[in-house]
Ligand code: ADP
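One chain comes next, on its own, written as structure tokens: the form predicted on its own.
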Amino acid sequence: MTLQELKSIEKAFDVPLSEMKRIIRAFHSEMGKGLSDSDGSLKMIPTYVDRPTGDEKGKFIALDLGGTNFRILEMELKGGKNISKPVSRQFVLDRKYLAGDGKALFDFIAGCVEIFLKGKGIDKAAHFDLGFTFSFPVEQTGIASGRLLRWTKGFNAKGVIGKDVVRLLDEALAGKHVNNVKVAALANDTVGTMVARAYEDPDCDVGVILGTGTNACYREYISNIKKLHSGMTYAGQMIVNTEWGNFNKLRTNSYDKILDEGSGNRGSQILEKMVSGMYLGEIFRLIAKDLMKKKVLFAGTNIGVFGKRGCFKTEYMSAIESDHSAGLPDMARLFKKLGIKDTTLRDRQLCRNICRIVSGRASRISAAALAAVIMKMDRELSRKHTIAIDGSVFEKYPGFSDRMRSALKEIFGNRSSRVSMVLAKDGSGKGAAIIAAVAGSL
């Protein structure tokens, strides 16, 4: 591969400071549209809840549904920012529930709640408020109500889109005679992640998911949420779910366009397609396939190895960037498993450079979007902000979080020290229980 070709790829994926600043301006414009219910790429969904005070008390149940594996947990808030260690159990949804009847899906989930209560010896006479983390696009109409807009993540249960998912779960619980549990609050995983951290950290005002998918939430003044019902009179702040994965004011290149054309949601989730674990490996595959066609990568190897969409996972990119040995032998073994038996050191070095280019862009776009959210709350960055972040890309991808911090320093200068990005692992379930406690105090 010539130096000129590598520079061409670098240029296509470059996000210099000027571009990050442009992203921030465009993001603010889209946030304004979403808050006023104008046509824009950011939904800016009100959650009808603010962050906790840290003094909430009581025992709560949480249901964390975001995929085929879901969790139910019990936890106690003791006040004074103290939380007992959650007692949890994981359940698995059979594939028949993903695309079957929606009532059967919620009946199964309610049955799992019943099994959990019995397994933990929880007295049926004891009443529990339940926090429901439902990590699918929902138009939330209250702290404990929200209509499903569309299924994602392989779900397609019938008769649920357009329905209030809280009502469906309450009805299923009643059908199982689980009368001592009532859904008190609805949230998505991003909001749960923020709230879980905010219970113990009063500086936490942003939650982010950077994993298979991506999203962010933050605190907004209710007076700025113009699309709320005119009858709403209470003051203060509220957490807003931005649904930032759909932000579409980004500079795309030819590989992004090919990926989008081949996706099942063409024209949407543009930011997510550039930064999330679901898509980064596919971007690498498209670049590698292009270079193989030009006979500058893996010479003599059948292009069919990289011809199948989704065959190259983001975790492979992570493994490539983790190999720091002189001859890159781990990378050689990885490609051998993928059907590329003979790779040269030059091939492997080139692949590592491509991974760095792709993941580097993802980290800088993520940082720019995060900076926009922070500046929406505090334009001059005059106070401290803790950003609670969960997700495999942030947690496990080598150098990703460090590159985000470097990008934030470019944007904010020395003031970037006022921003703390902290890993809030598995916070969504705990957050749901805390939101149920907040709901009880309203």
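C-alpha atoms forming the largest set that superposes within 1.5 Å between two forms make up the rigid core. Just so you know, these numbers come straight off a predicted model, no measurement behind them. We number the residues from 1 along the sequence you see.
Quick note: we don't show the form predicted in complex with adenosine-5'-diphosphate (ADP), though the next part is all about it.
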Pick the stretch from 377 to 385, 411 to 419, 60 to 68, 29 to 37 whose residues have a heavy atom within 4.5 Å of adenosine-5'-diphosphate (ADP) in the model of the complex. 60 to 68
4.5 Å heavy atom contact, residue 265 and adenosine-5'-diphosphate (ADP) in the model of the complex: no
With heavy atoms only and a cut-off of 4.5 Å, decide whether residue 314 touches adenosine-5'-diphosphate (ADP) in the model of the complex. yes
4.5 Å heavy atom contact, residue 141 to adenosine-5'-diphosphate (ADP) in the model of the complex: no
State yes or no: in the model of the complex, is some non-hydrogen atom of residue 245 no more than 4.5 angstroms from a non-hydrogen atom of adenosine-5'-diphosphate (ADP)? no
Note which of 270, 278, 113, 183 lies within 4.5 Å of adenosine-5'-diphosphate (ADP) in the model of the complex, where distance is taken over heavy atoms; exactly one does. 278
Of the residues 102, 137, 360, 211, which one places a heavy atom within 4.5 Å of adenosine-5'-diphosphate (ADP) in the model of the complex? 211
Within 4.5 Å of adenosine-5'-diphosphate (ADP) in the model of the complex: residues from 368 to 402 (heavy atom criterion): 391, 392, 393, 396, 397
Residue 223: with the rigid core matched between the shown form and the other one, does its Cα shift 2 Å or more? no
Once both forms sit on the same rigid core, is the C-alpha displacement of residue 32 at or above 2 Å between the shown form and the other one? no
